[in-house]
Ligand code: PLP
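A lone chain, given as C-alpha cells: the form predicted alone.
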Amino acid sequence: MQLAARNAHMAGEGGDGWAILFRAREMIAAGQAVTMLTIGEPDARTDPKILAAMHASAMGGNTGYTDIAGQRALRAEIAARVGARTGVATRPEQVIVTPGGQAALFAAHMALLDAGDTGLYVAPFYPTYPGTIRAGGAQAVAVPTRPENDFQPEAATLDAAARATGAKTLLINTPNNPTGVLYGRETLEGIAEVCQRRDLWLISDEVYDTQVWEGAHLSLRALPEMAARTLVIGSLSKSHAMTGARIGWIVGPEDVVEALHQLAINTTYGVPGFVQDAALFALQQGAAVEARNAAPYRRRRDIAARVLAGSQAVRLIHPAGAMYVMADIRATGLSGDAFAHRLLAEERIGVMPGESFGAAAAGHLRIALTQEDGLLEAALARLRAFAEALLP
C-alpha cells in the first residue's frame, strides 16, 4: 500500500530547516542550559483575563458546534479592526475565522489554486510557505530578494517570475518573518502593479502588524484596485500571545469567503466557541493591549542593535518590525547552517540558520527576541564574540 503522492509533493526537496530547534530541545531535555533564540514563541504567556474569558465561556456552555465561518460578533470585531487598520470598509461577511494563521494560509491557497497551478512566495520565507502551497497539488516558486536591498521585494523580479511561470497567486509577509523588514510604500506599490498586470491573487500575511518599530504598516489591501484581489491573513498568536489558542482569520472578497466556508465545512468545521469568545474579549481590549504586548520586542530590537553595532562579523539587516532580527555573518566564512550548529554546540545558544528560510538568506541567522532582556543581551554579546573570533 502506498501513501498519496501529494505527501512527497508537499514535502518538496531538501531539509525542513528545523534541525537546530530539535537539537536544542534535545540538549535541554538532557539537562543542558541552552539560550533559545529560535522560534517565534512569545516569552509572555496569555493574559489571565483572556483565559478567564475563555473559561467563563466554556463553563457557560459554549462547548458545542459553533458557526463554521465564525461567530457573528467576532467576525464583526475583526472586520472593524481590519477596516480601521487598512482604511477599507469591511463587513463581517468578508471575514472567516480559522484555527490560527497557518490554517488560514492553507485555506487561502486551497481556495485559489488548482492542482498544477503555480503560487509565488517571497524569499526569505517562513518555512511552511512552500509546503502550504504544494499541499493542494500546486507548484510553489520562490521569488528571491537581496540582502543588499534589505530583502525588499523588487517589482521587476516579481514580474519576471509571474510571467515565466503563469502564476495565479503571490504570498507576501510584512512585517516580515524572518528578516524583521517592513515593506515600504514604494515596494508595496510595485507589488500591486505586478499583481494587476499579471492578474495575480495577493495573499498578505499580516500577523505581525502590531509589531512595527519604524514607519507604519501599510496593507496592500488599502492600495487602489487591490481589495478585490487581496486576502489578508491575521492572527492573535503574536499580538495577544495566544499561540496555543489557534485563532486567526482571513479577510477577502465575499465570494472567496463563501468558498472558504465550504472548505471549512469539510475540514475544520469551525473553531471552538469558547476560544472565539476569548478572542473577542482580547480584541475588545483595544490597541493599548497590543502595544503593551509588542513593547518588549521593540526594546529588544534596540538591545540587539546596540550590542551588535560596529561588528565586522555580524551585520544586522535593518529591523523595522516583527519579533526577530536577521544578521549577516558571511564575513566569518561560514554558512548560516554551519555557524548555527557551532554556536549551539560551543556556546549553547540556539538561533535559526538563514538557510532555513531559503537560499536568499544563506549566510545569515534569524535571532528571535524571545528571551528576557538581560539573558538576550548576554547571549548576543557571546554570539558577537564567537563570530569575531572566526574572522580571517
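In case it trips you up, residue 1 is the first one in the sequence shown, and so on. The structure displayed is predicted, hence computed values, not measured ones.
The next section is about a form of this same protein that is not shown, the form predicted in complex with the named molecule.
No residue in the set S57, Q276 and L280 has a non-hydrogen atom no more than 4.5 Å from the named molecule in the model of the complex.
For the named molecule in the model of the complex, the listed stretch (259-267, 108-116, 182-190, 125-133) containing residues with heavy atoms inside 4.5 Å is 125-133. Mapping the unseen interface onto this chain, L158 falls outside it, with no heavy atom inside 4.5 Å of the named molecule in the model of the complex. Mapping the unseen interface onto this chain, S237 counts among the residues with a heavy atom inside 4.5 Å of the named molecule in the model of the complex.
Though the partner is left out of this view, Q102 does reach within 4.5 Å of the named molecule in the model of the complex, counting heavy atoms only. Using a 4.5 Å cutoff between non-hydrogen atoms, N177 counts as a contact of the named molecule in the model of the complex. Proximity to the named molecule in the model of the complex, defined as a heavy atom within 4.5 Å, holds among T230, N173, T145, T169 only for N173. Comment: the named molecule is not present in this chain, but in the model of the complex one of R301, R246, R85, R198 has a heavy atom within 4.5 Å of it, namely R246. Within 4.5 angstroms of the named molecule in the model of the complex, the stretch 254-273 places no non-hydrogen atom at all.
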